[in-house]
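Encoded as structure tokens, the following chain is the form predicted alone, with no partner shown.
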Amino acid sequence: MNISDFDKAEILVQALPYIREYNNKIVVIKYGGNAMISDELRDRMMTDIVLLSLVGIKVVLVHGGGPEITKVLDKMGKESTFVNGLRYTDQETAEVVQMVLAGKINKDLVQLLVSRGGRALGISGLDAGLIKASKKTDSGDLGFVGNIDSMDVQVITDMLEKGYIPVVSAIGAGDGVVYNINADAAAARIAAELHAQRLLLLTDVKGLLRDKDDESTLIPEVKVSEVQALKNKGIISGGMIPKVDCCVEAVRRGVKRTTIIDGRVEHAVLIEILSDDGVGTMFV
């Protein structure tokens, strides 16, 4: 698509109020799903994050890596088991999770950001005691899956102050044990601890739909007080429940706005942050 120089200038002018609003503010992005699997979408996402950083927005990227973990386990001949949508993590799986998340995926994302002109550093929840966790017990026995007990985000704050884009893998530790942490929950808690302006959760659907089979029924905005009623009606159900719960927790902990957006949409993050239109469902 060819865009004239005039149209390019007009686009920049229209983005100016949003650049001004978010300048020197923190935006936490949870990254995963198809946006991570597709090479093309991943490349564009990293370029968009570098752009946000270069115009003065402090971006923190928190990532999962479920499909990549499953791929490695498959190569090992080890079957992946899920309980209520959460990966059962035995000792061997926990070692694979640490290797894939804190190793390959984290460093691949850092390299992509750097190659596109960004300054990025990769860390995990283990570094500087970032995520302190204990065994998750409220969803049956999930093995080495953890709940977040507390966070020390000083290491992220230090990185942001020096102009880096922190890239955080969602693992934590407690009493010498490493735990697999839900990346949505990690991103929500990090956003709250950093007093972030925005939290964006990238997923594989358009947002919260009144009819899950009809994308035209997208609900653009939800008040936290409305969430329980939407659950009672079955509008919030299945895998959307934990994502919505993370958004609600972040808002209640002080994050101004949280949004579930479709990571399959090109430039979804830029549209959400730098335009009137926005994408997905915002929780306020």
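So that there is no doubt, residue numbering starts at 1 and follows the sequence shown. As the structure is a prediction and not an experimental result, all values here were calculated from the model.
What comes next is about the form predicted together with a further copy of the same chain, which does not appear here.
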Segment that reaches a further copy of the same chain in the predicted complex - one of 162-170, 199-207, 143-151, 182-190, heavy atoms within 4.5 Å: 162-170
Touches a further copy of the same chain in the predicted complex: Ser124 (any heavy atom, 4.5 Å): yes
Any non-hydrogen atom of Thr47 within 4.5 angstroms of a further copy of the same chain in the predicted complex: yes
a further copy of the same chain contact in the predicted complex: Leu274, any heavy atom under 4.5 Å: yes
Partner proximity in the predicted complex: Val55 to a further copy of the same chain, non-hydrogen atom cutoff 4.5 Å: yes
Among the candidates Leu218, Val227, Ile235, Leu51, the residue which, in the predicted complex, approaches a further copy of the same chain to within 4.5 Å (heavy atoms): Leu51
Contact set, 99-132 vs a further copy of the same chain in the predicted complex - heavy atom within 4.5 angstroms: Met99, Val100, Ala102, Gly103, Lys104, Lys107, Asp108, Val110, Gln111, Val114, Arg116, Gly117, Arg119, Ala120, Leu121, Gly122, Ile123, Ser124, Leu126, Asp127, Ala128, Gly129
